[in-house]
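Before any questions on how it binds or moves, here is one chain, the form predicted alone, in structure tokens.
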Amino acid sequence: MIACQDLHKSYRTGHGRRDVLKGINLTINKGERVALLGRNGAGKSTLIKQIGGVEMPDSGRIMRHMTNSWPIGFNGGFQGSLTGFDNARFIARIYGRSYADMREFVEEFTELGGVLKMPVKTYSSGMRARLAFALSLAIEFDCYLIDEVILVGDQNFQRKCHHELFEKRADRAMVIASHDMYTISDICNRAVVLENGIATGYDDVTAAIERYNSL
């Protein structure tokens, strides 16, 4: 279980501070697939970053009784001067995994070949997304955090991504922020609609999509 209790988050702007999350309460149980819906700027990515530990809330707390990934689609954790392989080595050390196994998986999954020996700062956005996706899947988590950009590359590679994440890991919990309602309706069994910093939960995903479409 991952439980978010009364999360508040604001950011400084040119006119003071903007409240993005206003007392969010959310529980993710084992095996649940929770959709985060909302207009651009509603706080979907912010909430996922809080859960993933990329950012800290201003107040409130998050209790984690499952392991969770960093946000898939978030590339901010790369060290740009290091190669793709070096970034894989760094993550393998942090999580106590075999670098040899991780390197083999990343090389096969990304299909980037010799590019993985080059500094990440030289990568295109698509290459970085492939690397981020592969590194996320190279370590097994109880809960995967997915922020919008999850299927990258050509159609064959997109099918590969879908198979690895949604089929091979069908028993894992997921939190998915997306504007793709087809994916949401196909994958998720619960939904949360974010509006004006407030989260409203729905057990009926169709009802959540209807509310999102009305925003």
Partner chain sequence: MASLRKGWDIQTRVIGALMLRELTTRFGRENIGFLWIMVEPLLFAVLVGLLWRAAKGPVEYGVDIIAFVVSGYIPLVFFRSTISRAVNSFTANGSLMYHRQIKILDLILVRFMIEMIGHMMAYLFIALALGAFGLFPMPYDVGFMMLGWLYYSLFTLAIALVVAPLSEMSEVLEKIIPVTNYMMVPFSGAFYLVGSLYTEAADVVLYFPPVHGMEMMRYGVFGPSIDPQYDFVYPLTIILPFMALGLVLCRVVRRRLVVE
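Just so you know, these numbers come straight off a predicted model, no measurement behind them. Numbering follows the first chain given and starts at 1.
Keep in mind that the form predicted in complex with its partner chain is missing from the display, and what follows is about it.
**Item:** One residue of 32, 180, 164, 55 in contact with its partner chain, assessed in the predicted bound form (non-hydrogen atom, 4.5 angstroms)
**Value:** Going through each option in turn, the one that passes is 55.
**Asked** Which residue, 78, 144, 109, 123, has a heavy atom that falls within 4.5 Å of its partner chain in the predicted bound form?
**Response** It is 78.
**Prompt:** Quick one: does residue 84 come within 4.5 Å of its partner chain in the predicted bound form, counting heavy atoms only?
**Reply:** Contact with its partner chain, no.
**Asked** Should residue 113 be classed as touching its partner chain in the predicted bound form when contacts are defined as heavy atoms within 4.5 Å?
**Response** Because no heavy atom of residue 113 falls inside 4.5 Å of its partner chain in the predicted bound form, the answer is no.
**Message:** With the partner left out here, check for me: in the predicted bound form, does some heavy atom of residue 91 sit within 4.5 Å of its partner chain?
**Reply:** It does: once its partner chain is placed as it appears in the predicted bound form, residue 91 has a heavy atom within 4.5 Å of it.
**Contact label in the predicted bound form: residue 49 to its partner chain, heavy atom within 4.5 Å** = The answer is yes: residue 49 has a heavy atom within 4.5 Å of its partner chain.
**Request:** Just one of 56-64, 182-190, 22-30, 164-172 has residues with a heavy atom within 4.5 Å of its partner chain in the predicted bound form, so point it out.
**Result:** It is the stretch 56-64.
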